[in-house]
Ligand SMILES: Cc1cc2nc3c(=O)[nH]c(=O)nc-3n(C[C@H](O)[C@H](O)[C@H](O)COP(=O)(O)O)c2cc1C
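Consider the single chain below, provided in structure tokens and representing the form predicted alone.
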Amino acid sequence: MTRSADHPIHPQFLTRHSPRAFASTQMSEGQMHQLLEAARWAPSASNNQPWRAAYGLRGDAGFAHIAATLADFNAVWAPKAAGLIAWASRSVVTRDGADTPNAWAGFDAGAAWGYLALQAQEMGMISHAMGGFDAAKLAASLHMPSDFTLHAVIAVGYLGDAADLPEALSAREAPNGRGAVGTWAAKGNFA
């Protein structure tokens, strides 16, 4: 599928998608830090920067901990990625020495993930965020503090051959479309 925009936008938004076919190419710690650096600069309510990440590179213990929590349908392809990132946010903010709920934490964490995804694309890499994982097991294996909320596991690496995926997944490897702006945005109200 070739994507096309209804309004002029930068081509990066049309070419970025979330493949599942990863090549066996490794990534370096430095490359992972580049991805995380891009996320660092995402907008954040009151500059609280609530996003949190725990990552591993294929072959290390962190990667194995994250991969072990993936749902069966993600465990088929995601462990072939060069890196896995558990993406979370701190659900409270400390003000005047007291923790209060941060209603914007998930929103801000989503923005940071978007920056990471675009940086991966800029580096010639791919990324795929997934919700299919055992959150309780992942939180325990990564020693996640109780005031964090897990949002996703992100697979990052280099594009592989879709033919290496099971047939049901390889058929889904093409970029998909999106609903037109008018289907989800309206001037003046939500109706």
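Residue positions are given as counts along the sequence shown, with the first one as 1. Keep in mind that what you see is a predicted model, and the values were worked out from it rather than measured.
Below, we turn to the form predicted in complex with the ligand, even though it does not appear here.
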How about His65 - does it come within 4.5 Å of the ligand in the predicted bound form, if we only consider non-hydrogen atoms? no
request  = Examine Gly131 and determine whether its closest non-hydrogen atom to the ligand in the predicted bound form is within 4.5 angstroms.
outcome  = yes
Give a yes/no on whether Thr25 approaches the ligand to within 4.5 Å in the predicted bound form, heavy atoms considered.
no
query: Should Trp87 be classed as touching the ligand in the predicted bound form when contacts are defined as heavy atoms within 4.5 Å?
result: no
For the ligand in the predicted bound form, the stretch among 36-44, 50-58, 160-168, 66-74 with residues bearing a heavy atom within 4.5 Å is 66-74
When the ligand is considered in the predicted bound form, the residues of 15-31 having a heavy atom within 4.5 Å of it are Arg16, His17, Ser18, Arg20
